[in-house]
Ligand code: ADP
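Shown below, as structure tokens, is a lone chain in the form predicted alone; questions about how it binds or moves come after it.
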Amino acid sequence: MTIFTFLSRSLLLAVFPLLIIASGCRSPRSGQELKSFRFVDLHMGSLFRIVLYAPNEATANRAAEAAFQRVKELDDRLTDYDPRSELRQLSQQPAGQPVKISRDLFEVLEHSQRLARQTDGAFDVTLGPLIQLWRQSRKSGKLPTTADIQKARQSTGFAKLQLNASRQTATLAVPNMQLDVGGIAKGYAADQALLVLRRLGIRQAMVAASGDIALGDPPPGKKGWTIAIESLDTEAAGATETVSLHNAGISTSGDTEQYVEIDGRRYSHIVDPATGLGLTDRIGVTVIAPTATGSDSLATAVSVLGSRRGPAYVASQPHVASRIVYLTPTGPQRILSPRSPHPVQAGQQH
């Protein structure tokens, strides 16, 4: 049984070359003998991995190339690092002016706004000014001043982003707003890449964008894709837990790798809308949802909601499961949502 773990970029490059052909197996749907192919490409500042089953190398190559091209298109559209991207161009429009945007950007913003309303702003794509401040702090090792945070707050708040579905427009209500969709873009891109593969007849596939994974039909002869979860309570022991999933999204968020220590305090890369600073609670969140778009954004939202409000929100969502691990003075504590897949197996990291 294959176990996919969340590995560092350098290790991924060493373990997964551009193309690997595994042993063949027969598809129960078509009766064709299928082979496993794996591809890796760099987009959105992360390694995107595709594992798919196809009858031959030529078919696999064409499908993977089309999927990666779709991810590149979304990277160019949704990045906040490139001033030429559609996202950055929207942020540069005059306040109060409705702007016609692409279907992709509208879908991302619409999903984000719905989640922002449901979580009272725990997930908020208008936090760009605060996120920019926090990026500077992570580089400099100095906290932003109260005045800087207050100034940035004047241009944040999900209520200041207005969407019109019939016209497919977005309006930024106040000046100096900057949108940041980093908490949802990779999941959306993974879903879209998987959709491209399906349209090309490749249904047994997995697209992994760092910690955000979109899963199609299970591999031939399997009930699901076996996904390994690593978080706060397993990193020291080097062990993992696994779940078997198909036609779903799964995402893990936490500060096991992306964090900074300033004045003796540890801060996450995830910005807390309540403080304008990185989260200080040690928490690792894994979310399973119908799509990677959903799991990606929810993993961030639940991280912000924390170990008390997060489980309650997940329990209110009929098609969502979560695993929350948070550190206390007495050690790690875990909360599994009522719909978490069982069994969750403990095993050694492969």
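The numbering used is simple: start at 1 and walk along the sequence shown. Computed from a prediction, not measured in an experiment: that's the story for all the values here.
Only in words, not in the display: the form predicted together with the named molecule, which the text now covers.
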The one residue among A193, V108, I250, L127 placing a heavy atom within 4.5 Å of the named molecule in the predicted bound form is L127
Answer with one of I101, L74, A122, V243: the residue that has a non-hydrogen atom within 4.5 Å of the named molecule in the predicted bound form.
-> A122
Among 214-222, 179-187, 156-164, 200-208, which stretch has residues with heavy atoms no more than 4.5 Å from the named molecule in the predicted bound form?
-> 179-187
Any of the heavy atoms of I131 lying within 4.5 Å of the named molecule in the predicted bound form?
-> yes
With the partner left out of view, is V304 within 4.5 angstroms of the named molecule in the predicted bound form by any non-hydrogen atom?
-> yes
With a 4.5 Å heavy atom cut-off, would you call T286 a contact of the named molecule in the predicted bound form?
-> no
Heavy atom of V271 within 4.5 Å of the named molecule in the predicted bound form = yes
Mind listing which residues of 292-314 have a heavy atom within 4.5 Å of the named molecule in the predicted bound form?
-> D296, T300, V304
